[in-house]
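As structure tokens, one chain now follows by itself in the form predicted alone.
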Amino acid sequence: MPKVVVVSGANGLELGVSVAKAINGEFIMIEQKIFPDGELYIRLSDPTRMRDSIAIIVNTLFPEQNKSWIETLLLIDSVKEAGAEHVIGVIPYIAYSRQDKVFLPGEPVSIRALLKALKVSGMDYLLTVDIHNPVSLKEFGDHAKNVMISDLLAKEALKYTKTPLVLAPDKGALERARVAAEAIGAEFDYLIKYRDKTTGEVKLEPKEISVKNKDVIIIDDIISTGGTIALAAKESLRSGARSVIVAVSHALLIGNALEKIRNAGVQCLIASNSVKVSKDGFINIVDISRRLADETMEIIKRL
């Protein structure tokens, strides 16, 4: 097996260490500081170990998306400068992924800009987790892979259910729901938004399947402010669901998002460690480092 060296950004330290152990790679630390003018400085602690290696860069772009983005670009350049032969990026959460098309004239396609920059900077392969729109990865080329983890989330949710039904909050998340449902042998559906023409009230209902007396597992890629998930949970319970569990790949939980979800009647929140989330009695964390390591090894075998 070729020499494999793992480095990580500040947000990817725990995942980086876990991935390195799982693939028997060397893990080296980086030195980091902020200059007085706010610019970021990084340095590999032992650059000689990078020569002729496969460099694995592990970082996730939340929190402090902009800082983490610059940090990732500097890491790519530093390992290439130190002599790495190949660079594999493991970026579980890619920020700016929701701006995947032009919604209003004059806007950029933000995710396109980021992916092109990663490739031009010297990243040969990219692994990410449950990106908002997998089609976006075409901008990186053939060496990008979207790693689905909704099956892992669903298996954790199954510990709290008896009659599970997997729901996507909209049609765009239906593939995540399908993968999750097949993993636990459950039915799945997606929610459709209705607006009462008289009152203006918004309602969400499953397209086909009744939630009555079901333990609903609402599965999605990102929880940001929590509004959509909270509404989906309330509507499920109002329609007769016995309980609601939320399972999400990337729990950003901005502002009072967690309070919204609790107040909506959700039994518990299940999230991956793609971004750092504190585990408590309400939040359960699913470790995805083993899956990331397995996917990374598949790339290494092809090199």
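Don't overthink the numbering: it's just position in the shown sequence, from 1. None of the values given here were measured: they were computed from a predicted structure.
Not pictured, yet referred to below: the form predicted in complex with a small molecule.
Using a 4.5 angstroms limit between non-hydrogen atoms, residue 119 is distant from the small molecule in the predicted bound form. Residue contact with the small molecule in the predicted bound form: residue 77 places no heavy atom within 4.5 Å of it. Interface residue remark: residue 223 is counted as part of the site for the small molecule in the predicted bound form, having a heavy atom within 4.5 Å. Interface membership of residue 227, defined by any non-hydrogen atom within 4.5 Å of the small molecule in the predicted bound form, is confirmed. Stretch 214-222 is the contacting one of 214-222, 147-155, 182-190, 106-114, since its residues have non-hydrogen atoms within 4.5 Å of the small molecule in the predicted bound form. Residue-level contacts in the predicted bound form: of 138, 98, 207, 171, one residue has a heavy atom within 4.5 Å of the small molecule, and it is 98.
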